[in-house]
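Quick setup: one chain, the form predicted on its own, written in C-alpha cells, and binding and motion questions come after.
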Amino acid sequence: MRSFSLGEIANQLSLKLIGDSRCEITGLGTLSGAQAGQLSFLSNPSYIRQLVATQASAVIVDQRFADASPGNVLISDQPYVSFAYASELFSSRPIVKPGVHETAYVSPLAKISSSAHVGANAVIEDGVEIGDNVFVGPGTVIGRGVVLGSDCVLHANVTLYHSVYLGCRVCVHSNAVIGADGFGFAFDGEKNIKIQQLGRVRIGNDVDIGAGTTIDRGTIEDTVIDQGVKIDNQVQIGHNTHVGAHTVICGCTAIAGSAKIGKFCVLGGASGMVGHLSLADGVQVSAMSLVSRSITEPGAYSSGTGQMKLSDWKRAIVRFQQLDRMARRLKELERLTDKN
C-alpha cells in the first residue's frame, strides 16, 4: 500500500497546507465515504454538508471553504484538478517490467526498446517500432508498421491494424480496435463495391482511448486524433474524422466519417454526429443529441425531446405530427386577416 505524508502531498501538488504535515495519507475517498487516512476534495458547493461531516483525514478545498472542514485542508484554486493530480500518486496502472514474455511473437524486423514490456501471447508484426517504457498487455496484436511513442500503455487484447501511429503517453484500454477499415462502399446498381481504405490512423500525445472503442482508418487521408483527446468506452469514430486537441468524447458516441471536430469540445454520452459536418472549437453537445448540421459557434447544443411521462409524450408526438397542418392553417388565417 502506498502512503504519503500530507506534507509530501502538499509539496508535490504545490498546495498550501493547513494542519498536520505528518498526517499519513494511504488513499483517496469521496466526502461521504472517506475514512481516516484518506484524502478527499470539494469542488461543488452543494456538497458542503458532506464536507462538514466527512471522516477524511484531509480535504482539498477552495480557500473560502477552508473553515468548514473538520480536519486538515489543502488549499487549491481548482480542487478537482488538484485531486486529479493527487490520484496519480496512488495509481495502480501497470508497472513496466522490461522484457518480452516467452509466449509472445515478435517479428525479427520489429524494433523494441529495451525498456519496453511485451506481455504473454502478444503479437508484434514486421516493421513495428516500440518506444521507451511502453507496456504491451497480454493478447495485444500490433500490426505491420505500427509506431508507438514512449510511455504508451496498451492493455490486454488491444488490436492496432497496420501503419497506425501513436504518440507518447497514449493509453488504450482492452478490446479497443484502431485502424480497421472505414465503412466505405459504392453501389453500382446491383451490389456494393468496397472502397479500399488506404489511409492510416494518427494519434497524438497524451490521448486516452476507452475499452471497446473503434477508430477507423482513413480512406485516402488519415483519421487524426489530436493531442490530449479523451475518448470513453464503446465509442465509434469513422474514417477520415479529425478530432481536435483536448476534446472529450463520452461513452457510446458515434461519429460518422469525415467529421471535423474542433478543440476543447465535449460530446455527451450516446450522442451522434452525421458525416462531413464540423464543430467549432469549444462546442458542447449534450447526451443523446444528434448533430445533424455543422456548428460554427462555441456553446452548448442539444437535440431531441426532453424526458416526460409516457402518456404526455404520446400526446406530444401526435401534436408534433400535426404541426405542418397547423402551420398552413395559421398562414391562411394570417393571409385572411391581412386582407381585412
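Everything numeric here is computed off the predicted structure, so don't read it as measured data. In this text, residue numbers run from 1 along the sequence as written.
The following text describes the form predicted in complex with another copy of the chain, which does not appear among the structures shown.
In the predicted bound form, another copy of the chain lies farther than 4.5 Å from every heavy atom of Ala259. Within 4.5 Å of any heavy atom of another copy of the chain in the predicted bound form lies no heavy atom of Arg49. Contact between Arg64 and another copy of the chain in the predicted bound form is not found at the 4.5 Å heavy atom cutoff. Although the partner is absent here, Asp232 is a contact residue: one of its heavy atoms lies within 4.5 angstroms of another copy of the chain in the predicted bound form. Between another copy of the chain and the residues Val100, Val147, Val177, Val96, the one pair within 4.5 Å by heavy atoms in the predicted bound form involves Val177. Counting a residue when any of its non-hydrogen atoms is within 4.5 Å of another copy of the chain in the predicted bound form, the hits in 140 to 166 run Val141, Arg144, His155, Ala156, Asn157, Val158, Thr159, Tyr161, His162.
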